[in-house]
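Quick setup: one chain, the form predicted on its own, written in C-alpha cells, and binding and motion questions come after.
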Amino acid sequence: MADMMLSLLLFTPLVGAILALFMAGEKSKYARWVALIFSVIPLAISLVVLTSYDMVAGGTQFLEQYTWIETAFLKMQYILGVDGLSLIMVFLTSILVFLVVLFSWEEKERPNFFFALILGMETGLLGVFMAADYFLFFIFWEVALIPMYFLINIWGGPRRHYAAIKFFIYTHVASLIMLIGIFAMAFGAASILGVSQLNFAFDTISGVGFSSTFQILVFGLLFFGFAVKMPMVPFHTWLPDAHVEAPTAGSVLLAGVMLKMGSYGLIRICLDALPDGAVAWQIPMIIIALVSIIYGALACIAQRDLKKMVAFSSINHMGMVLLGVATLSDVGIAAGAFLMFAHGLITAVLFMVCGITGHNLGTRQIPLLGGLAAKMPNYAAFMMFGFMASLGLPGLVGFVGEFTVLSSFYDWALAEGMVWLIILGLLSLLLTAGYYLWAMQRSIFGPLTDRIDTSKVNDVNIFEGISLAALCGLIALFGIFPALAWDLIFPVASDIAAVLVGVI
C-alpha cells in the first residue's frame, strides 16, 4: 500500500467526484456527505505522507513509475513523487478542499454537480504538484482548469459567462504556449541524448545540458504560461473578473491553490531544467514582479467592491512571490515558495469573508457597509484577522513570507548596486496596510450602516465558522512556527539554487 500512497491520494477525490455526480434528484442532498468523506480521506493521506517523509534523506520520495504509452517515437510515463515543496502544496490543496466543502455545506443549487467539480479539481491540483513527468504535469494542469470554468459559468454572478470564457481563453492560450515549451524540451533532450524516442520524465530532461540560446527561448515560452496563471501584469486581467463572478468556493480554490500552479511550475520546471534561461530572464522577472506588486496595491485602493479588492491583492502578493524566486538565491526561492503557501491560507480566509458579506448583506460594496462589528462580531473578527495576516502582521504566516522575500531581494539589490529598489517593496507594504485598514474601517467600524437593511442579518454560521477558525489557526501556527514549512521547502530551494550558482 505504501508503494501506491500517492496514487491513492490522487484518485480518491476523483472517485468521490464520480459518486457525487450520479447522485441526482432526491439523492443530491447526500452529495455533500460524499464530498466531505472523499475530501477527508485525501487530507488524512496527505498528513500520513507528510509525517512519513524522511527529511534527513530529502529529495523525491514515495516514487511511483509506470509506463503507459511506449512506441518507437514516444514514451509517456505515469510518474508521481513528492519532495518538500510538493508536500507543502499537497497539504495546502487537501486542507483547502476539505474546508471549502465544509464552508459550502448549505449549497442548494445542483449540489451533486457542485461538489463533483470541487473534487475533480482537487485531483487535477494534486496531480500538478505530484507529477514527475512533464506531459503528465500538463495533463493534470488542464484537468484542474476545466472544473473551475464550470464553477464560474454555472454558480457565478451576473457576468459569469463573460468571466468564465475570459478565464478559459487566457489560461488555455497560456497552456498551449507552455505545451510548446514542454515539447521543445523533449525534442531537444532526445537530440542531445542521441535517441529517437521522446521521454518527458523530469529526471531525463533536467540536467541534459541545453544550449544557452535554447534555454532562453524555451524559458520564455514556459514563463509566459506560468505568468498568466499566477497572474502577473500585463497578463492579469482575467483574474479580477473570474474572482468577482466566481462562487466563494471557486474563489478560494482559485486564489488559494490554482494561482500557485504558476509559481510552482516556475520553480519546478523553469529554474530546475533551464538555469541559463533563468539567469537571462532574471531582470525581466524582477521588473514584472515589481510592477505587479505596485500595480496590484494601487488597484486595491481604487476598488469599491470588497471581493475585487481582495482579487487585486492576489496580484500584489503573487508579485512578491515572483520577486523572491527571481533573486535566484536559496533563501529567495524558499521565501517565494513559503509565501505561496502563506498566501494560500490567508486568501482563503479573505474570500470566505467576502462570500459571507455578499450572502448575508446582499452587497459587497464598501461604501454601503459600516459598523458591522456590532451586528456581526464573529464576522468582524475573522475579517480583521485575515486582513492583519495579509498585510504582514508579525506572528502570522504572512509576515514570515514577506519579510524573507524582501530580505532576499535586499541582498540581491545590494550586490547589484541597486539597493534603492527596496523602496518599491517597502512602498508596497505601506500601500497594502493602507487599503486593508481603509476597507476595514469603512466596513466594520463606526456607526451601523443605514444604507442597507441589516435588521435580519445573521452572523457567521457553524460551518463557515469552523472553516474560518481552522484557517486562522493554521495561519497563527505557521506564523509562530514557520520551520514546520520552511524546513521542508528550503532543501529543495537550496538544490535548485546550487545549479543556478554554477551558471551565474
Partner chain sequence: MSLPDFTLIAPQLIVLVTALIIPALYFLTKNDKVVGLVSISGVLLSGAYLAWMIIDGVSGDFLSVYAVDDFSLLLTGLFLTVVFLVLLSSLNTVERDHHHGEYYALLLTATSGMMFVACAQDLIGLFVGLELTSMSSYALVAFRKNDPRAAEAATKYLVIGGLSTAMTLYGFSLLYGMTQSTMFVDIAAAIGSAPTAGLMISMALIIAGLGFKVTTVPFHMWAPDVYEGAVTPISTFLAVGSKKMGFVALFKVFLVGFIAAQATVVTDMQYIFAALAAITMTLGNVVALSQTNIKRMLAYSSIAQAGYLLIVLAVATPYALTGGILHMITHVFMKGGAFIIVAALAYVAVGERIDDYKGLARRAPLVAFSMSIFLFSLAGVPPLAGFVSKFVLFSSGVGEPGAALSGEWVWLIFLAVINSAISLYYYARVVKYMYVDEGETSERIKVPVPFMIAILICLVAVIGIGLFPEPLISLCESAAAALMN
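Being a predicted model, the structure only gives us computed values, none of them experimental. Numbering follows the first chain given and starts at 1.
The same protein also has a form predicted in complex with its partner chain, omitted here; what follows describes it.
Contact annotation: His161 falls within 4.5 Å of its partner chain in the model of the complex, judged by heavy atom distances. At the 4.5 Å threshold, heavy atoms of Asn153 reach its partner chain in the model of the complex. Proximity of Phe341 to its partner chain in the model of the complex falls outside the 4.5 Å heavy atom cutoff. Residue contact check for Val400: none of its heavy atoms lie within 4.5 Å of its partner chain in the model of the complex.
Of the candidate stretches 418-426, 378-386, 268-276, 153-161, only 153-161 contains residues with a heavy atom within 4.5 Å of its partner chain in the model of the complex.
In terms of contact with its partner chain in the model of the complex, the residue from Phe312, Phe135, Phe91, Trp412 that brings a heavy atom within 4.5 Å is Phe135.
For the options Ile177, Leu393, Ala280, Ala201, the one in contact with its partner chain in the model of the complex, meaning a heavy atom within 4.5 Å, is Ile177. Contact residues in stretch 51-77 (any heavy atom within 4.5 Å of its partner chain, taken in the model of the complex) are Trp68, Ile69, Glu70, Thr71, Ala72, Phe73, Leu74, Met76.
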